[in-house]
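Just the one chain here, laid out as structure tokens, in the form predicted on its own.
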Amino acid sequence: MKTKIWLSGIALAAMATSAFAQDATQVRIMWYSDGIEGEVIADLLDRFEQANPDIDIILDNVAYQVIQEQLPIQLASGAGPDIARVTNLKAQAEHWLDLRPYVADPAYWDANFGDRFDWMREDGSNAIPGYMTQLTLTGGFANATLFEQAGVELPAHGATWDEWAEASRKVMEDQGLPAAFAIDRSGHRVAGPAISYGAKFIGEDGKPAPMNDGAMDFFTRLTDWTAQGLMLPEVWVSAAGTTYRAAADDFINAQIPFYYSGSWQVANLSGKIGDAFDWVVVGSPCGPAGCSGMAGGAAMVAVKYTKHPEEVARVMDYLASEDIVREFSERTLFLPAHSGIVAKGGLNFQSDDPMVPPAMNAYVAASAETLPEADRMPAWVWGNTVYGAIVTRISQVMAGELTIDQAREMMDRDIADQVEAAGQ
């Protein structure tokens, strides 16, 4: 925060400093956090400002719901921040600035981030829209202490969703817990399990396919588990529409023995659980088609409505530099999306928590088990349309407002309406 002092005795001496401060170009960044990464990015940006006093960075830390619901409205009106951290990448690609004419070394960007540019740019484009701040993978966390206290063995690698639900039920009943497990209220979160049961969301023409029996197989299980009191109902029925709700606090407070979320929660769990109990990453439970999580991540993107593309590119060059990406990854406990860093390996994840290294390694191992359908989703323009329909209608089934058959019909209709509205 810059403070200006206007005193007649030092007015002349301060004139140059004041004029320089006024000349600094303001770059506004909209940022959300799952864990400690907000603190880390603030520190990194402070260092950038010290080395680049002609750029004044305003870091707006907002709730994820703001990114999902308010940012799209700003973008649609031709406004918004200069840079944003987002997860809705492909569907909003038309709003991202092509950094290729502005960054210092486009070849560096292509070499280290290019394999995932298609996740965030329009089909057929050669744009450099930004970079993935991290890769993520959905997966499960188990409270090993609760399982041990209940005398229940953790299901082995390759166990099914049914087996995890049953094992968690035994722990719930033995320990007097309110539920056996929870999955974040997110269509993205349940897409991987649905694909493990044979869901095919992408049609042969590249447009959304109708919900098939594989998808409905898992969604029926999910709603049945909720009706039986196994899935924590508040997570899904306490909100409406596509509103996101994580169940991390329920797991942190030892209210559930099994929690399905993703790798971005490792730092959050480590920081908040401490030595209260032992927890482990267990990958994704299996269905008939496989044991797939969903790869993805968040990206820093430049917004094309910025009035300062050159300054924005300087900030992005700094944040995407190898040393800064490495430091950000090590401090936040995120999997880096920088191919050069991945090839070199040797990341020193900064944690004194003995739970963290095995958790990160478990996610690395699980990343090899994602199914092809799941791997196609991040670069698919209709991904968030499908996720939104899923979370909206499945929540209504859990709340007793729809039957599962009605939800199937309405998901297909919701998605078809959005495709038609887009003129496709």
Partner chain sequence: MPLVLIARGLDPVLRLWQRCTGTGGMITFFLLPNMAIFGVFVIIPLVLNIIYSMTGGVDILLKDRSFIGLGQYGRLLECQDYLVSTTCREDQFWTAVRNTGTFVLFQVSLMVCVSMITALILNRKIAGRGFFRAVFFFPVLLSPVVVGLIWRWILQRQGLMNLIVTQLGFDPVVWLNDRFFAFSAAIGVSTWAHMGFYTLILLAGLQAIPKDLYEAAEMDATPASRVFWRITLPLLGPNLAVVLVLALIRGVQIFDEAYVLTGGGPGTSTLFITQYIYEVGFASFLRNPGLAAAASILMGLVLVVLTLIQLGLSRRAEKGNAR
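Numbering follows the first chain given and starts at 1. Predicted model, so just to flag it, every value in this text is computed and none were measured.
Omitted from view is the form predicted together with the partner chain, to which the following refers.
- Looking at the partner chain in the predicted complex, residues 243, 389 and 418 each place a heavy atom within 4.5 Å of it.
- When you look in the predicted complex, the only residue of 52, 68, 367, 61 with a non-hydrogen atom within 4.5 Å of the partner chain is 68.
- Put simply, of 106, 178, 290, 206 only one has a heavy atom within 4.5 Å of the partner chain in the predicted complex, and it is 178.
- Residues placing heavy atoms within 4.5 Å of the partner chain in the predicted complex fall in a single listed stretch, namely 71-79, out of 154-162, 308-316, 137-145, 71-79.
- For the chain shown alone, residue 414 is a contact residue for the partner chain in the predicted complex, at least one non-hydrogen atom being within 4.5 angstroms.
- Though the partner is left out of this view, residue 98 does not reach within 4.5 Å of the partner chain in the predicted complex, counting heavy atoms only.
- None of the heavy atoms of residue 342 is located within 4.5 Å of the partner chain in the predicted complex.
- Among residues of the shown chain, residue 399 is one whose heavy atoms approach the partner chain to within 4.5 Å in the predicted complex.
- In sequence order, 232, 233, 234, 237, 238, 239, 240, 241, 242, 243, 245 are the residues of 212-249 having a heavy atom within 4.5 Å of the partner chain in the predicted complex; the partner itself is omitted from this view.
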